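Given next, in structure tokens, is a single chain: the form predicted on its own.
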């Protein structure tokens, strides 16, 4: 009804509230069930131009994938001209490129075929902030890892250590995917249903016994493995910043679970078992 009289404010831009400072009403709220009398005053707020979450994720994740490869192949104008299209002599550099590329290809495929979003859109202005974060860090990491003068610290160049970090990275990547699939199966297509996630027959989901958001736990583990593999300071900083941000998200989701479900398992922590 509001959209018909004000076509410029399509539904995704609308925030309808009972109180100017209150929370937005949900799409599924019914007027008869709201705490109002025979008359009610509704307050409208324009949320601004919106963009779909699928578009946001595809943009966020395509950037780091392409940017890293530009540095890996040493295209002109990045390093000195004599290094154009040369390759590194360190095999860990090639392994790091494969891991980084795999990570973002996985994210793109999850966006297209796994994730089910409770909210269809987000403010358009946020995509610039998000892309700056992912694209900027990707360029910073790639510049140093693929630099012609990059040399892994000698005490960490042994094959056994690198293979351990690779196995840990792959383990966490599979775990992250397993959690995303488990969360997807909790929500029927086209719905916003929320349920308590529990471990399934997949061993990678058993961490749900101790953690509310194990997808973030596995994500942290992946980047920790990548940090140890490359021994690169920008990667370590990206891992730290990501850990801080994911902790904020995990705590928020953990509080929502506790508030919404009275029978929520009390043993769970937001992101790290028994710690955080």
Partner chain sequence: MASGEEDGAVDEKENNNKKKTKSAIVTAWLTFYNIAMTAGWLVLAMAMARFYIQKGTHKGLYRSIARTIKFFQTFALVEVGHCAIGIVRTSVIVTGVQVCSRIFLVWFITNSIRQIQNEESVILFLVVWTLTEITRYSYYTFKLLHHLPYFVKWARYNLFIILYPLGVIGELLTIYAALPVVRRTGMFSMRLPNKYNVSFDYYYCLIIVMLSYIPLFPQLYFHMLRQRRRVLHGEVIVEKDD
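What you see is a predicted model; the values in this text were computed from it and never measured. Numbering follows the first chain given and starts at 1.
Quick note: we don't show the form predicted together with its partner chain, though the next part is all about it.
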Checklist entry - Can you pick the one in 63, 242, 234, 225 that has a heavy atom within 4.5 Å of its partner chain in the predicted bound form? => result 234
Item to check | Single option in 171, 83, 144, 73 placed near its partner chain in the predicted bound form, where near means a heavy atom within 4.5 Å | outcome: 144
Checklist entry - Does at least one non-hydrogen atom of residue 87 fall within 4.5 angstroms of its partner chain in the predicted bound form? => result no
Next on the checklist: Taking any heavy atom pair closer than or equal to 4.5 Å as contact, tell me whether residue 159 reaches its partner chain in the predicted bound form.
Outcome noted: no
Item to check | Partner contact for residue 150 in the predicted bound form: its partner chain, 4.5 angstroms, heavy atom | outcome: yes
Checklist entry - Would residue 201 sit within 4.5 Å of its partner chain in the predicted bound form, counting heavy atoms only? => result no
Checklist entry - Which one, 55-63, 226-234, 206-214, 244-252, holds residues whose non-hydrogen atoms are within 4.5 Å of its partner chain in the predicted bound form? => result 226-234
